[in-house]
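Okay, here we've got a single chain as structure tokens, the form predicted alone, with questions on binding and movement later.
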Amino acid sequence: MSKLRVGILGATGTVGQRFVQMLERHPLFTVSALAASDRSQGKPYADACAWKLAGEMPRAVRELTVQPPRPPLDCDVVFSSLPADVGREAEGCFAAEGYPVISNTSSYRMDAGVPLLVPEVNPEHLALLDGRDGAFIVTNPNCSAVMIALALAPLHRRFGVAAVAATTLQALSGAGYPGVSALDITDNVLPFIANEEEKIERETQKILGTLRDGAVEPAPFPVSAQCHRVNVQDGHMAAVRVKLARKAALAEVREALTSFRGAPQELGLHSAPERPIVVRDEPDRPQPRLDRDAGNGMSVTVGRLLPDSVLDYRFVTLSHNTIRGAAGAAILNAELLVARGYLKA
């Protein structure tokens, strides 16, 4: 098939730049349009964007003129990394005009008719799109919810999950650029990220929920989250404690995690890691510097897997928040949409 032309909303921001980087030489997609805020509009992308990622800005996008984030846009599909306060209106306008929208924004995640998708975990939720004729919104989760849901999915399938408590340690890049003031984060940990705990709790339940009669029934177990900002550039961590619905030996739990595969692996999708969950047995792993790039940033790493004296088991999970937790998650969603026939050139 010919490549799908992609328009990126919020193209100059942290996640927008990651979209641009990851879509360079992609076999299914080519970037044809870039959109951003008023101060960037009308400029070539090279002038409008202060490139912050390792390596050079891709040559193919440097001369693209930055446009307003509203229709029409010269593309077949829209990828959005807009801030939530403007994302809902903009994404809704594109969907209303017949564009498929693949969103990293939180605006539509909890809407009843919108799939909140982790392709390895809940691809069946794409049935919510049936009959939409190519105009729809699909979202990926919060950057911490995606790694927590991925780690819980094989346990929920194999043993059932009865309760979850998670404490996150979230990287600076999750706050965007310029992000958190150096005077606030140096020699410090911030024990509050606005709306983050509610997102993790609700989104995890939706992702692991059951599609029934055209709607998603949230997973019935409670999720408790506490969130912290730490002085790490990339890589979110979560210390997770889980109560299982039925008893399981440590070896069974480990095997459930290591053997877990999903639709992206079965279909051989371009961005899919060979192992969505990498289990480390060293007592001091995972660590952001050492493990955030596992599977080209698309694998979730689980370590410190041990019995817990309060619930049943505890572990630490880590993922790259701007790749698996943001742009990479949306791109993998789009690849699955192509494979399942929801996106066509």
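Note that residue numbering follows the sequence shown and begins at 1. The structure displayed is predicted, hence computed values, not measured ones.
A second form of this protein, the form predicted in complex with a small molecule, is not displayed here; the remarks below concern that form.
**Q** Using a 4.5 Å heavy atom cut-off, state whether Thr204 contacts the small molecule in the model of the complex.
**A** Answer no; every heavy atom of Thr204 is more than 4.5 Å from the small molecule in the model of the complex.
**Q** Can you check whether Gly209 is within 4.5 Å of the small molecule in the model of the complex, heavy atom basis?
**A** Flag for Gly209 set to no.
**Q** Is Gly10 close to the small molecule in the model of the complex, meaning a heavy atom pair under 4.5 Å apart or at it?
**A** Yes, Gly10 lies within 4.5 Å of the small molecule in the model of the complex.
**Q** Taking the small molecule as it sits in the model of the complex, is Leu332 in contact with it (heavy atom to heavy atom, 4.5 Å or less)?
**A** No.
**Q** Does the trio Ala165, Ala225 and Val316 actually contact the small molecule in the model of the complex, every residue with a heavy atom within 4.5 Å?
**A** Heavy-atom distance to the small molecule in the model of the complex: none of the three under 4.5 Å.
**Q** When the small molecule is placed as it is in the model of the complex, which of 287 to 295, 54 to 62, 273 to 281, 37 to 45 ends up with heavy atoms within 4.5 Å of it?
**A** Heavy-atom contact with the partner occurs in 37 to 45.
**Q** Of these, Val118, Leu82, Leu257, Val242, which has a heavy atom no more than 4.5 Å from the small molecule in the model of the complex?
**A** Contact with the small molecule in the model of the complex is made by Leu82 alone.
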